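Only one chain is included here, represented as structure tokens and corresponding to the form predicted alone.
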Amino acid sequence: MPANPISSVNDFVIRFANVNGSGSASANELFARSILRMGIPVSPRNIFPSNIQGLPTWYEVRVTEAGYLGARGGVDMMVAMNPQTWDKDIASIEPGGYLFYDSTKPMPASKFREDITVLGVPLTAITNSTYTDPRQRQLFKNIIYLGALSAMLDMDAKAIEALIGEQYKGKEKLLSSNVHALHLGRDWALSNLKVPIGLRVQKADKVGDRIFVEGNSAAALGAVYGGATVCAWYPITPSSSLAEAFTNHCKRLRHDAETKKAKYAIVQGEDELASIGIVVGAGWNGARAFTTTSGPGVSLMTEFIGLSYFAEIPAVIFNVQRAGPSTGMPTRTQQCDLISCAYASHGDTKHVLLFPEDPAEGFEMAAQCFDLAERLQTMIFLMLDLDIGMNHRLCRPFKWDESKAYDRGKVMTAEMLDDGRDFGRYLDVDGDGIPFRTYPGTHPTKGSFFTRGTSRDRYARYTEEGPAYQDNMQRLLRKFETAKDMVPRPLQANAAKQTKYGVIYYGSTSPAMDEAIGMLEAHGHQLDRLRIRAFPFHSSVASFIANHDFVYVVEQNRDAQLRSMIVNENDIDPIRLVPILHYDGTPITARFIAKAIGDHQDQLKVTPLRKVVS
């Protein structure tokens, strides 16, 4: 027993160590949702392997009344249900923390730590004495440990029972058997352990009107509201659930009320090439179309991406990033596809990228992608990642303006053609780099053009003359400049005190960054901060950097990809941009950010600025 066990109410990190395929995921999610029902914000993260069964899996739940939704770092309580990872799991517990394990078989003292509280429950013995079916034993053991955990943390058993009731509504046998298993564990803990422990859960009212949703489902719903009618995709982790969610949303929302016919097309192509080809073809034909994929899929799609860029065909890619390169770690998260997407395809290309921080922005930006694709007549990337896409997050409710009209951009109609308008498919009529287009079949004799990936003049006539090619490429660059004022602008927040240091971050790094700022301020480090939400970068990015001596760039990849893009696009001295890089496949933590920045700040205090710069 430790001298100073951790004592905390509604503020701790608990991690479940399980075996993939053991059925633990549903019990662990039930734990997170139960605390949420008690009015306390939670942020769960599922860390799972890419095989079907047998390898280690972890489920971490951040419980915090303060509402921090990023990974904190460190574990206050470990629910150790996997012998394979025992040593690693025990080592990760904070001094004064708690270990909950299956004590059916005796463990040598050397397997424990003296500075933690050990809570043994004979889960296997309880399970085997109650159930005879092997599968029931495996599944109900998870519910039994949830029951014991509820006693340890002083959780409201009624909240858990209510959720079980909702899950098995209409299936009374399953409902009663799960509630029975819950109380087997809870009653044993109440009778045999000194509970509750130092970590406790008390009812609060800190959730408010926020919703609990996966990022992939949110983005899929955004695609529906954004007017997407075509989805072509090929299964790949971690994006498959986005296409599946889009299918389910369309079944509810996209059938004609009278005829019951579907007003959408969802195609699972034979591969990524077929999928993006369908999307580009649908976009050329006037549909709002998208595909959902991950890094390896983007690699395969680059030739069609280049066609979309050069032939100026609207299309959207939802990239749910994972760890690369090659197969990499399919079920781990990173922000490692920025450069591959921003400059996808051979030749000089630049693509628009949007960076949502949570499911709410995933919904909004997913819808916005389709307006941007048609306004700019090009490929738009929504840069999600596994941490956002496949985990549940608390976020503000989705809002939609029912009066909103879709922005189709510059489309020349039959009436405009009959009025004598000069139609050149690649003619810049007003200096913004965006030409007019026509839909197929707009007019019986006017407005037609060849769509090709080869060089042409302003009227879509084939040519390999250098001046015509250069004219077209410069116009595409003007269009990219125009995009700077169309995409979501960066959001800036200044420190309480004037400072010459700043931090830039984006996407799923944001929740951990929010907490890290508080940690840094507690140690006397003041930072202005800028959250980038899109590429191309708004002029405020360069201004923010110019106003600070050093700017930290926090991202989840090895090669500082966002930092490289900022340097490349703004001609900035890279020495002034300090990379803070996390890329082991797990979500970046507040503690990691605070330590990395704090260490650099401490170095600046003892090293003259001129020496650091030189």
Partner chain sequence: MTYIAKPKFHHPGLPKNELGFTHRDYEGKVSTLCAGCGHDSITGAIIEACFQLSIEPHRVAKISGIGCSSKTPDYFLGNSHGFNTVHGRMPSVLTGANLANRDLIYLGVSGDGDSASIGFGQFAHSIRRGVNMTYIVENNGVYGLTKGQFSATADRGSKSKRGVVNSDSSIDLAAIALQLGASFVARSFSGDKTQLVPLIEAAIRHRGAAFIDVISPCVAFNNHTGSTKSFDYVREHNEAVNRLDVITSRAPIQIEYKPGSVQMVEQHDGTTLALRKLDADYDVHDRLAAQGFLAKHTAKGQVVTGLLYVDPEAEDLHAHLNTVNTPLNSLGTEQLCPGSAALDKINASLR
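Numbering follows the first chain given and starts at 1. This structure is a prediction, so every number in the text was calculated from the model and none was measured.
Keep in mind that the form predicted in complex with the partner chain is not shown, yet the notes after this line are about it.
Picking from 514-522, 470-478, 275-283, 377-385 the stretch near the partner chain in the predicted bound form, with a 4.5 Å limit on heavy atoms, gives 275-283.
This chain is drawn without the partner chain; in the predicted bound form, the residue among 165, 347, 397, 95 with a heavy atom within 4.5 Å of it is 397. Taking a 4.5 Å heavy atom cutoff to the partner chain in the predicted bound form, the contact residue among 256, 415, 172, 465 is 256. By the 4.5 Å heavy atom rule, the three marked residues 325, 327 and 580 all fail to count as contacting the partner chain in the predicted bound form. Among heavy atoms of residue 125, none comes within 4.5 Å of the partner chain in the predicted bound form.
For the chain shown alone, residue 112 is not a contact residue for the partner chain in the predicted bound form, no non-hydrogen atom being within 4.5 angstroms. The partner chain in the predicted bound form is approached by residue 227, whose closest heavy atom lies within 4.5 angstroms of it. Mapping the unseen interface onto this chain, residue 268 counts among the residues with a heavy atom inside 4.5 Å of the partner chain in the predicted bound form. Contacts of stretch 426-461 with the partner chain in the predicted bound form, defined by any heavy atom lying within 4.5 Å, are made by 438, 439, 440, 441, 442, 443, 444, 445, 447, 448, 449, 450, 451, 452, listed in sequence order.
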